[in-house]
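In the block that follows, a single chain appears as structure tokens, in the form predicted on its own.
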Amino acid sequence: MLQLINVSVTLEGDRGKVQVLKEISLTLENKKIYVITGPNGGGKSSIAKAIMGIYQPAAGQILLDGADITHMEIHERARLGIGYAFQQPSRFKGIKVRDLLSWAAGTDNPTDICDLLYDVGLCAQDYLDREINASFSGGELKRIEIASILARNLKVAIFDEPEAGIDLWSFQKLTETIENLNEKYDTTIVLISHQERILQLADQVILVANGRISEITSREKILEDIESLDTDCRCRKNCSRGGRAVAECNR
């Protein structure tokens, strides 16, 4: 179980200090899927980064299975079983895909690397021995990073907009993989997304705006609210425009 108790985060901005999270309190249970959604800049990714230790709280506590991890560094939280797939993945020049996924899995977690790549829509034969360098597209990097998260038997797995840069077929495989991960392990899964297909996976949906939690609700309620919107804009729905899982809204 992961708990955030009155967590506030303040960052240094161009115009001085900005409070990006304000007294966030959450209890995230094992073997459940949570989707954090809300307007851009509302604090969704900031919650994820506070859990991972990228942002240190100015106030409040973060507990993992009752142990206080509030002031632990990123690598310490990673050892405890918290993993984070960034919205914009890093490049690992000089490292092959095979090695990255093997290191992520570790010796205590035997994993079929080929299956991991297939689950994120990549052919193992084409990628295992490729070096992760500038030849990789943003979508390829995203999928490899997600595969590295799946390789670990995590207590908490956080995915920041996992659908970004992924084609429709791979997006379908990804949602299936998240469902399988949820069925197979006791992992707490946190997804940051506006996508309706991602929202459908949620046991609970957490709405965040202006640095605060505005509502914690069911997927049925949030999907009903989306369907009732009287507008032609459907950015939250799966859009096949341009062969991508996501299309920008022109409004």
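Given the structure is predicted, the values throughout are model-derived calculations rather than measurements. Heads up: residue numbers just count along the shown sequence, starting at 1.
There is another form of the same protein, the form predicted in complex with a small molecule; it is not shown, and what comes next is about it.
- Between the options Q125, Q87, S135, N180, the residue in contact with the small molecule in the model of the complex by a heavy atom within 4.5 angstroms is Q87.
- Contact annotation: the small molecule lies within 4.5 Å of heavy atoms from the stretch 44-52 in the model of the complex, the single such stretch among 24-32, 180-188, 44-52, 216-224.
- For the chain shown alone, H194 is a contact residue for the small molecule in the model of the complex, at least one non-hydrogen atom being within 4.5 angstroms.
- Mapping the unseen interface onto this chain, E145 falls outside it, with no heavy atom inside 4.5 Å of the small molecule in the model of the complex.
- Residue contact with the small molecule in the model of the complex: D119 places no heavy atom within 4.5 Å of it.
- Taking the partner from elsewhere, E161 is found to have a heavy atom lying within 4.5 Å of the small molecule in the model of the complex.
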